[in-house]
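Okay, here we've got a single chain as structure tokens, the form predicted alone, with questions on binding and movement later.
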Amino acid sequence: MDRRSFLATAGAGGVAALAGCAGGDGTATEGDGTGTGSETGTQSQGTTTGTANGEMPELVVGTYGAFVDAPSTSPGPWLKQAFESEFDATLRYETPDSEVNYYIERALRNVDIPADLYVGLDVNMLIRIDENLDSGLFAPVDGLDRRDTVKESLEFDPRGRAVPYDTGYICIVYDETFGDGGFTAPETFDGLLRDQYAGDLLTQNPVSSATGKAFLLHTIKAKGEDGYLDYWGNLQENGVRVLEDWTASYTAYSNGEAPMVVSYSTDQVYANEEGENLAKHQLRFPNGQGYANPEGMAMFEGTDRPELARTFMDFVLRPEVQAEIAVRNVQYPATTTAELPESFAQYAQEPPEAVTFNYDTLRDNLSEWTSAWERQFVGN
């Protein structure tokens, strides 16, 4: 069950959840996203794409299932309707089970790729593409009117193929009401090692979970390449529980099995919309930092509709569209110009400092880091 499906199922049972929409990364299917769908609307700009031969052009967008599979909350259906209402074009989604790996496999077999764009890329996917294909799956994107509104800190493709459109920040969510009440999460990574927090933290397997991988990378940022394995050894001695994915860990957290879980800093947005007790959805950024997980969109190299693809990407970067995607995906917008509704701005929290590793560092080290973690953690 992906994150969005989990939330839809769990909602009736009072499980509040949240936030962030990491598309699957091929090792994880944490669709996430619990958007609430407040209508910010789009501003018609009277633009058309042109229909020289009288036929309505179709833009095919590949993405992960959770981007489109919950019509009341997912951004996909709203985005399709808004785009088609303004432009003389239709938009069709493809949601292959294996996500971007589906297109990598087709490229490896030299089979035609039917999609024009992919929405939901992250840096790990780009690395996997570049490791598996001699030629690029995606083309560098230029000529976007709103490209310079994207936050520089969220750029994750040195070759200019992926255009960020939203981001999640990984942090610790904690329950102030746990036990006798008054529970407070520690302010630092070292604080998680104190005896008083023994057995209190739930997180995810970095090999099979995007959020778990982000938390592992944050510990490497904090403790360094030479220190993170010792830190995880100490976490293990202090009773950290590593579950398979976000769904499993958040279910355990929601069931009161532990007072802290690794999750997203937009947790309170959905909790507030669902009328949950926000004391059970407090946030802590260890060391005053949150690990950024931006998502991007990219144009397939062989598309025969490059201009329509660019039109769509510029549309996604509009301030009002960025706001709507953020609300529906329960993620932060990627641009500096998004017009967020007051409810989102009030309950979503950006970390004092956003941290992440760049493409080159992850390409050179990610596999070794996660393998070393797995050997140590699973071996113990």
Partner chain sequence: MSGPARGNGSSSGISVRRAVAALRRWGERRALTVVAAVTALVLGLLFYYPVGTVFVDAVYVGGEWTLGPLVDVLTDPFYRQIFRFTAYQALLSTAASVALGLPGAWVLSRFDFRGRETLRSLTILPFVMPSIMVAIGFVATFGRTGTLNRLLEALGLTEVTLLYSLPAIVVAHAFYNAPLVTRVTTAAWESVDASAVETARTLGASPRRAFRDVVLPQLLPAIAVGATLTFIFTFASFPIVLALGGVQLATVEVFIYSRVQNLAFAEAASLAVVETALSLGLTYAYLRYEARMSSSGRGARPQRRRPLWPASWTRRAAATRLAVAGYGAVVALVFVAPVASMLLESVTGPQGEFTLDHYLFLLERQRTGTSYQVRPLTAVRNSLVFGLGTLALALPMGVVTSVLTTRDFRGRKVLDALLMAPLTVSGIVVGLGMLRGLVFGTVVFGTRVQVTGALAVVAAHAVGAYPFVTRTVAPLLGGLDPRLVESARTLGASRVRALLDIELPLVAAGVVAGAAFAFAISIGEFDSTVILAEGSNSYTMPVAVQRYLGRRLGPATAMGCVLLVVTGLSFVVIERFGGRTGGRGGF
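Numbering follows the first chain given and starts at 1. Keep in mind it's a predicted model, so treat the numbers as computed, not measured.
Although it is not shown, the form predicted in complex with its partner chain is what the next lines describe.
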*asked:* Within 4.5 angstroms, counting heavy atoms, which one of the listed stretches 162-170, 75-83, 217-225, 298-306 is next to its partner chain in the predicted bound form?
replied: 75-83
*Of F87, Y93, F189, F285, which residue is found within 4.5 angstroms of its partner chain in the predicted bound form when only non-hydrogen atoms are counted?*
Y93
*Among D134, D142, D180, D97, which has any heavy atom within 4.5 Å of its partner chain in the predicted bound form?*
D97
_Triplet L317, E324 and E350 all within 4.5 Å of its partner chain in the predicted bound form via a heavy atom_ = no
*For L193, is any heavy atom within 4.5 Å of its partner chain in the predicted bound form, or not?*
no
_Residue contact check: A252 to its partner chain in the predicted bound form, 4.5 Å heavy atom_ = yes
_its partner chain contact in the predicted bound form: V119, any heavy atom under 4.5 Å_ = no
*Is E155 close to its partner chain in the predicted bound form, meaning a heavy atom pair under 4.5 Å apart or at it?*
no
*At a 4.5 angstroms cut-off on non-hydrogen atoms, which residues of 186-206 are near its partner chain in the predicted bound form? List them in order.*
G199, D200, L202, N205
